[in-house]
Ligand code: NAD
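Just the one chain here, laid out as C-alpha cells, in the form predicted on its own.
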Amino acid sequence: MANITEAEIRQVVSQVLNKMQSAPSTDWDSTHYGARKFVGIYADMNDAIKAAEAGYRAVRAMSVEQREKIITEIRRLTREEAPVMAQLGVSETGMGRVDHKKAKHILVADKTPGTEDIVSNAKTGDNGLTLVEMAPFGVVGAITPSTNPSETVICNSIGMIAAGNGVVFNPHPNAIATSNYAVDLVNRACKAAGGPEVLVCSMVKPTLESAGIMQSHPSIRLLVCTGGPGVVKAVLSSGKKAIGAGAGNPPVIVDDTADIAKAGKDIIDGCTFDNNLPCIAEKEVFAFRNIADELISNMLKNGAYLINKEQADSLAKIVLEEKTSKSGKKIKTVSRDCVGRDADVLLAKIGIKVSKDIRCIICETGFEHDFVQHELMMPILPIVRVDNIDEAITLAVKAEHGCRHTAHMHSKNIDNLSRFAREVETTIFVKNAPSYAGIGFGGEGHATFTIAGPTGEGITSAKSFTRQRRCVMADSFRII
C-alpha cells in the first residue's frame, strides 16, 4: 500500500462499495477489499469467538517484546493506510471528513499506548515480597461505533493486544466494511510480526443477535462498548465485567478574561473536527454577555455561518426527528441523514447556499432550545448568552446532563476554571484549547476513542483491559 495515489484509493473504495450496494440487502457482506480477502471475518459469532480464543492462547505464549513487535507493525500499517480507511469511512457512512479521519488514524498510530502501559508493582516488608502484575482477561468482546469505526477498532486492538488479550468485534452495522478493513489490517500486522494469523475477529454481518451471543458467551471475560446509551446499557446489564464509553453533550464556557480571538478559533476547530462526530467535541457554548459579540465575530472569521432564530428552528425540525418510545412517550432523536454531514449540506436543507469554506453553523438560542439539549454530532453550535460565572456553570452543568463525559472552558481566571471543573465532574476537562486536545491531538497525554465515563476507567489504555494478579512470597526475597 506504500505511495498509493488518491486515484487508486478512490478506485478500490468504489469497488468495495459497489460490491456492497449491488448485493441484496439481506445477505451482502464486507469480506474483501479489492482482490484481497479479509482475514478474521466470520459469519457466525461462535466461530469468531473460537478463533479469537485460539489467538489469545497464541499471544499468551508470546513474550511482551513479541507483543510489542505486533503493535509496532499495526502502527506502521495504520499510518500507511490511513488515507484508504479515511476515504472508506466517509464513503460507507456518509459522515465526517476524509482529511480529519486521516489525522485521527495517525493520532491512533502515534499516541495509543502499547506494552509500556502494563506496569507491575512490588511491595516488600518484614513479611516478605508481594508482586502485583497486570494480566489479560482472555477474550474481549468489543462493540464499536459508526462515528469512528476503524479508529476505534485499531485503538482498541493495540491496547487489548498489549494487555495480552484476543478480541472479537461486533461493529456498528452502518460501518462494517470500514471496521472489517481495520480488523484485517490488525491481523495482517500480527502475522507479519510473527504472531498468529488471526488474533482479532469480526462479523460478516453484525447484528443485535450476534452482540447478544457475544455478551453471554462463557469465553468472553470482558466487554467493551463504545457507542450510544442503548448498547452501553445492554453491555452493563450483561453480568460480566464491562467497560462502557457512553454519549456526552460537552458544554463550553467562555468568560470575559479569555483570549477571545483564540477562543473563537479553537471552538470552531474543535466543533468541526470530523464534522463534530467525536463525543468530546464542543456541542453548546455559554458566553459572557459582554464578550459574546466579539466571540461570534471571531467564529465568523474562522469558517462559521450565523443563522437567525427562525432558521435555527427550521433546521432543528430537520436534524431532529420526533418518535414515540415503547412507553408511548414522544422523544426526539437525531436524524441519521444529518449526523456528521458538512455544514453546507445542512444549510442547503433550509435553502441556504454557501461554499465549502463554511464549516460550522452557529446561532444564538435560549437554554431550552433543542440544539442545546441534544447531542447532535453535527457542525451546529448554539450560543447562549449568560451574565456571570454562576449562571454559566449552572446552565453548562445542566446541559451536560450528568454524562460526566467532557467539558471545555476558555478563561484566564483560575478560580473560574477550577470551580467549573469541580462542579461539572467530567472525565475530560479541556482548558483554552480545541476539544481534541483532550485526546492528545495538540495536547499532552495518550489517545483513545473509548472514553469510559459510565464505568470510570476514563481515557482507556492497555492497562484498562487487564486484571490484577497478586503473588506473595512470605518471609523471603526481602534483602534489607
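Remember, predicted model here, so these are calculated numbers, not experimental data. Counting begins at 1, following the sequence as shown.
Below: the form predicted in complex with the ligand, not depicted.
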- [ ] Would you mind picking out the stretch of 154-162, 285-293, 240-248, 314-322 that comes within 4.5 angstroms of the ligand in the predicted complex, counting non-hydrogen atoms?
- [x] 240-248
Task: Heavy atom within 4.5 Å of the ligand in the predicted complex - residue from Pro145, Gly114, Gly340, Gly195 - done: Pro145
TODO: Have a look at Thr78, Thr272, Asn187, Thr226 for me and say which one sits with a heavy atom within 4.5 Å of the ligand in the predicted complex.
DONE: Thr226
Open item on the list: Can you tell me whether Asn180 touches the ligand? I mean in the predicted complex, with a 4.5 angstroms heavy atom cut-off.
Closed with: no
Open item on the list: Against the ligand in the predicted complex, would Arg359 count as a contact residue? Criterion: heavy atoms within 4.5 Å.
Closed with: no
TODO: Give a yes or no for Cys279: in the predicted complex, does one of its heavy atoms lie within 4.5 Å of a heavy atom belonging to the ligand?
DONE: yes
Task: Exercise: Pro171 in contact with the ligand in the predicted complex, heavy atom 4.5 Å - done: yes
TODO: Between 91-127 and the ligand in the predicted complex, list the residues on our side with a heavy atom within 4.5 Å.
DONE: none
